[in-house]
Each structure stands twice: as structure tokens, then as C-alpha cells.
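This document starts with one chain, in the form predicted alone, laid out as C-alpha cells.
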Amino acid sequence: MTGGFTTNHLIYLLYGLWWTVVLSALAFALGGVAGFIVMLGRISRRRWLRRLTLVYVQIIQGTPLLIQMFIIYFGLGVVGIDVSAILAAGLGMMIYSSAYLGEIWRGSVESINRTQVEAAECLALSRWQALIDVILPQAMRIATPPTVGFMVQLVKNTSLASVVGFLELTRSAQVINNTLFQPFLVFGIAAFLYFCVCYPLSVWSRSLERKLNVGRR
């Protein structure tokens, strides 16, 4: 890849964009499952479980995602466990997502009026039945806009995966720029591609917020 910016360079950037989307989807899906477990732990009646998940959340939220990826990619290699770049990036993003999504969803569940829980108990529903049939349907309405908003942050944070050698959009731009030495052009196009992915998510988040009328609850 020498000379001016060509179609091949653009295809290479789009290839990186594809892996950015894949990594974002992977992090959101796996992080969502783990985040739901974190949320259950945070609202548990068992004090030790609440404290355990709180410590987990504080550790993850209190350390940079970059450091977490370094620990997974290089730290596990020190003890003889080889981790591929995509696995390290995916695992790091999943752990990162689980802490934030768990807290978003915990806040949504706890914002439901206490009388809803008491009414469910009067109907002899178990705690799990009350959660599934009464609390979660209402909490999902509150949690949807911030969850979509978090997806925007997730897409942009995939750029950190380049530090472990994962070839996403930012890494693709770095590779091209190393040969062309045109950072304004190359990273400008990369920024535009990020915008093309993130802007629709931002618009969708605001649309959901208006549609669900969350602010007027």
C-alpha cells in the first residue's frame, strides 16, 4: 500500500470497520448476559452477594479498559495461557460491558415503585416471578434508552483493542497511515466511518427516550 489513497485502502478500512462492528456486537451480547447476572447479584437479598458484585463493579469501573485488555492479553500469557487478540479484546470488552450494563439495569429495576413489589407479594408471587412478570417489563422501558446510549460508547471503545494487535478500524487506519503518512486524510475517513455507525445509534437512543416517555414517569 504505497502512493496515494486508493480504493484498496478504503476496502481495508471497511474491513476494519466490519471487525469493529463484530467486536461491538460480541461485547454487547456476552456483556449483556454477564451484566444481567451482575444486576441479579446487585439486587439480591443476600448481603454477601450484593457486596461481592459491588466490589466487581467498582474494580471494573475503576480501572481503564486498556489496562484490562493488557492484563488479559499479556498477563495470561505470563502464566502460560496463550490468548488470541480477538479473544483478549472480546473478553476485555465483555467484562467492561457487564459492569456498566449491570449498573444501568440495577438502577432501572430499583427505580420501580416499591408498591409494585408489595402488590406482587400480595398475589403470592415468588420473588423470581415478581421480577420476571412485574418488575422487568417496566424496568426494560426505563433501561432501553441508556442501554442504547451505552452501545455508542462501546463502539468507540473498540478502538482500544488495537493495543493488543486486533485489526479493527483504528488499527486499520494506523496501518494505512504508516505507509501513506497522511494522518489527516486516513484518520478523518476512519472518524467518518465511526460517525456513520454511532450517529444512528444516538438518534435511535433519543427516539426511544421520547417514545418511551421515560422522563415523565
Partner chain sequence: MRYEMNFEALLPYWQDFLSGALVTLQITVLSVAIGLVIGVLCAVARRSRYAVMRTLVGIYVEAVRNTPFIVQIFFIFFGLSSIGIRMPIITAAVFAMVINVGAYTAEIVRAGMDSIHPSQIEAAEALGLSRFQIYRDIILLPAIERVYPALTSQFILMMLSTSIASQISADELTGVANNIQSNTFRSIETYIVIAALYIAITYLMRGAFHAIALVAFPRRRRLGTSL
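This one's a predicted model, so the numbers in the text were calculated from it and none came from an experiment. Residue numbers count along the first chain shown, from 1.
The same protein has a further form, the form predicted in complex with the partner chain, not shown here; the description that follows concerns it.
Residues Leu23, Phe36 and Ser207 are none of them found to lie within 4.5 Å of the partner chain in the predicted bound form, as judged by heavy atom distances. Of the residues given (Leu167, Leu40, Leu66, Leu30), Leu66 alone sits with a heavy atom within 4.5 Å of the partner chain in the predicted bound form. None of 131-139, 87-95, 107-115, 69-77 except one has non-hydrogen atoms within 4.5 angstroms of the partner chain in the predicted bound form; the exception is 69-77. Though the partner is left out of this view, Gln58 does reach within 4.5 Å of the partner chain in the predicted bound form, counting heavy atoms only.
Among residues of the shown chain, Trp48 is not one whose heavy atoms approach the partner chain to within 4.5 Å in the predicted bound form. At least one heavy atom of Ala191 is located within 4.5 Å of the partner chain in the predicted bound form. Heavy atoms of Ser159 reach within 4.5 Å of the partner chain in the predicted bound form, making it an interface residue. Interface residues of 89-119, taken as those with a heavy atom within 4.5 Å of the partner chain in the predicted bound form (partner not displayed), are limited to Tyr100.
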